[in-house]
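The chain below stands alone and is given as structure tokens, in the form predicted alone.
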Amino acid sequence: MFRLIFSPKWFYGIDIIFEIFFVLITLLISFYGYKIYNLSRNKEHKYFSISFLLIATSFIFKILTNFDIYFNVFRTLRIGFHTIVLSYLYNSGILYVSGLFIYKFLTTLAFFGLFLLTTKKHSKNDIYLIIYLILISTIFSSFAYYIFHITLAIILFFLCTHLYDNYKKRKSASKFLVLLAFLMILASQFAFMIIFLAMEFYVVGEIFLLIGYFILLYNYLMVSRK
């Protein structure tokens, strides 16, 4: 079974540590979001909490696929800009394909949910249509990895636009931190999209993700203490 690896060799396994942090951070964000919901009974915080729970779950599946790649490798071949890993553990291919699909689908769905929470302008038909498009884009991203990151970047771009508009209307440190966090996450998607130039951009993307999620966690810790 042939698989594409976009991480530099020296980063093999380190990205799993990053993703464990992503799981812990997004779970904490989900927890504090739900905690605020219990205090305010504002459903937006409840849906925010659910969205980050989906992100945490998606990273768990990504960790499983990375274990499948890094610890069941028989031979590596370098072709062009990509490292292709040849594994003879064909049974593990089910875990790899399904895990990667669930990771991409849940991540895209979660950020789309966050976008809906921000815009507050949607109908049920719009939601069904976009979930269908998310499903299709996830399937096609299996053949072209950048489709997933382009889709996320588009969602995040419009999300950041609305967050910026909200910040301009009523400036506050909390709104600025949320905007900054999602800008970091958006920057990570651009880094992932250009890894064909150098695989080190994968590391840059992981770092941007880590910064973005840490800022969100810090913001929610501050808000929950008020």
Partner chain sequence: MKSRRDRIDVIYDILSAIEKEGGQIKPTRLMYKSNLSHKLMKSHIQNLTERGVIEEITTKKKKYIAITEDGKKFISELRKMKRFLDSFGL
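Rigid core (definition): largest C-alpha set, two forms, superposition within 1.5 Å. Residue numbers count along the first chain shown, from 1. Every value quoted in this text rests on a predicted model; they were computed, and no experiment measured them.
Another form exists, predicted together with the partner chain; not displayed. Remarks below refer to it.
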Close approach of residue 186 to the partner chain in the predicted bound form, 4.5 Å, heavy atom: no
Contact flag, residue 56 vs the partner chain in the predicted bound form, heavy atom cut 4.5 Å: no
Contact of residue 200 with the partner chain in the predicted bound form (heavy atom, 4.5 Å): no
Partner proximity in the predicted bound form: residue 108 to the partner chain, non-hydrogen atom cutoff 4.5 Å: no
Stretch 177-203: residues contacting the partner chain in the predicted bound form, 4.5 Å heavy atom cut-off: 178, 182
Flag for residue 43, CA shift 2 Å or larger between this form and the one not shown after aligning core: yes
